[in-house]
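To begin, one chain is listed below as structure tokens, in the form predicted on its own.
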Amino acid sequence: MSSRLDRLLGARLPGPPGAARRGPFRDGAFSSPLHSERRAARVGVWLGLAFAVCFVTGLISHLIQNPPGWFVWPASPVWLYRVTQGVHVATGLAAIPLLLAKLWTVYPKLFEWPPAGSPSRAVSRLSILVLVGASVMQLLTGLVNISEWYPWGFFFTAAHYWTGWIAIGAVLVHVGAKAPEIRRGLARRGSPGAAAGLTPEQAHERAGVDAAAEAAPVSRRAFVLATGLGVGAVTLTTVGQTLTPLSPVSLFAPREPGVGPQGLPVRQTARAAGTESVGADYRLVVDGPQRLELTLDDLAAFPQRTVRLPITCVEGWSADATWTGVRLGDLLEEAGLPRETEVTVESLQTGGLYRVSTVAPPHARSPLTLLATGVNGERLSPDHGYPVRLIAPNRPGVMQTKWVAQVTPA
């Protein structure tokens, strides 16, 4: 059975008629030596590394927001999520010029004729279609998302997560299928590895291609330099939304740290959440054996703490701020609950995907976790969560619930 399948998959399909060998389909239509196995392999390594970093850091963010029972995310160091999510977005943006360079090195293969010389080749080309489609969708929708433009009807977060799995799976399949070609492409010119699997005629032709690459109008070095400059330019002009010393030169960053009400960017306004007007009847409810219903004056009577914490958005921007309020652990203890109790925090807003968040034990008991009433020496503005908001170390901004109404054991 296996031998029959091998014969079927390896069967040669008939070649094209001479009339079809025109334009880009003719032999020698793409003569640039930069469309080479060597160049495709080397660009592919950098692109593969970028995809791996994006996948791991994106998976971390997903697990923090949707934790399975085995996953524990620590409260310290307080800057860890700022780094992982900043790297996720910066690497995703840098992967765009890398993907374009990779596609440029291999696009002549689109015009191979016949499109598949055998059934196995047809399967291989279909897998590449999945790889390219998933990669383009992942990077393009990520770029559109951080720009806060949603021209689609699907939920971005779920689509981005599952497309990430498809893309990384397609990368692994592609690497496995192309392993011999990748090894040859990565081997040094003139080494035994570079010539492995090649006939003497092919090795001679390869040497000629390598020599022609340096004499071509666009040399190999120029191609590498242009790709590197593209990646560097994209990174330099966007990474300042996380790496604040570079914010003055990050002209294309969707957010600039320090710009917004009270010196902080805002993702969702009080108007959008329907929480612009909070009356004198406001009460913060902390449910427990000794249920608390606290006015703002009651909160002010608790010991007030001040902490310096970053707020980090899943879109990649982050900014430091000084927060003032009451420790969540103090309120839990006052309500008769252990400080490490896992709780849910509910917002006054009546809708939205993130109106409720869960505070796990490492964050609930952290002395840095506050129900804050002030930021940067001022009372919270409505857009930053007046009258009370949650601020905890090492968590995504979407989980730092604003306009807090109730705290309940999970």
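From 1 onward, residues are counted along the sequence shown. Note that this is a predicted model, so its numbers are computed, not measured.
The next section is about a form of this same protein that is not shown, the form predicted in complex with a small molecule.
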Taking 4.5 angstroms as the cut-off for heavy atoms, does residue 121 touch the small molecule in the predicted complex? no
Contact of residue 373 with the small molecule in the predicted complex (heavy atom, 4.5 Å): no
Does at least one non-hydrogen atom of residue 347 fall within 4.5 angstroms of the small molecule in the predicted complex? yes
At 4.5 Å between heavy atoms, is residue 393 in contact with the small molecule in the predicted complex? no
Thinking of the small molecule in the predicted complex, which stretch from 162-170, 282-290, 310-318, 102-110 has heavy atoms inside 4.5 Å of it? 310-318
